[in-house]
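Encoded as structure tokens, the following chain is the form predicted alone, with no partner shown.
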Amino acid sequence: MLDVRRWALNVLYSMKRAIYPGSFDPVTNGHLDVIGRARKLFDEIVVAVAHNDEKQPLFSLEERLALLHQALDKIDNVRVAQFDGLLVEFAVAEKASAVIRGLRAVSDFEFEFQMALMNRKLEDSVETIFLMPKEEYTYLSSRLVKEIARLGGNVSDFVPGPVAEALGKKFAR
């Protein structure tokens, strides 16, 4: 019995886990594309929803978690969690070896590069991996999706179905 427990612990600790953090307000098809790409590289992806009292998101933390669960229910070895505080501390607590960040354009790079260097300074055991979404998602952002929905536009090509429905309800006229 002890050998089985030791084997299980070895498997658990040898698993390659990555954190994909964000506010996901709301989750977009671009986010899902990055998650799918990351899933090819790691055994498990933890989609970590940031809770930040200083921001005023459109969707509550609970709504964002629920929408992510709905969007990710068919992808194996992807888990949704929330976190507060430093991302690298969350990554260490989750026994993750990497943080996944999506890059849509060169304009994203400077900020993401600075964050990656700071995270490395805080915890050098956690690497940052930059992934680019498909070209068709490089223009896509949660901010733009919310703006289109607020103005009554159709966002069904940009977000999962449940998210489009939730946006419709938020901005019902």
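These numbers come from a predicted model, not from an experiment. Throughout, we count residues from 1 along the sequence that is shown.
Only in words, not in the display: the form predicted together with 4'-phosphopantetheine, which the text now covers.
Contact with 4'-phosphopantetheine in the predicted complex, defined as a heavy atom within 4.5 Å, holds for exactly one of Lys134, Lys121, Arg143, Lys55, namely Lys55. Looking at 65-73, 126-134, 35-43, 112-120, the stretch with residues near 4'-phosphopantetheine in the predicted complex, meaning non-hydrogen atoms within 4.5 angstroms, turns out to be 112-120.
Residue contact check for Leu87: one or more of its heavy atoms lie within 4.5 Å of 4'-phosphopantetheine in the predicted complex.
Contact annotation for Pro162: none of its heavy atoms lies within 4.5 Å of 4'-phosphopantetheine in the predicted complex.
Although the partner is absent here, Ala50 lies within 4.5 Å of 4'-phosphopantetheine in the predicted complex, judged by heavy atoms. Taking 4'-phosphopantetheine as positioned in the predicted complex, the only residue of 93-111 that brings a heavy atom within 4.5 Å of it is Arg101.
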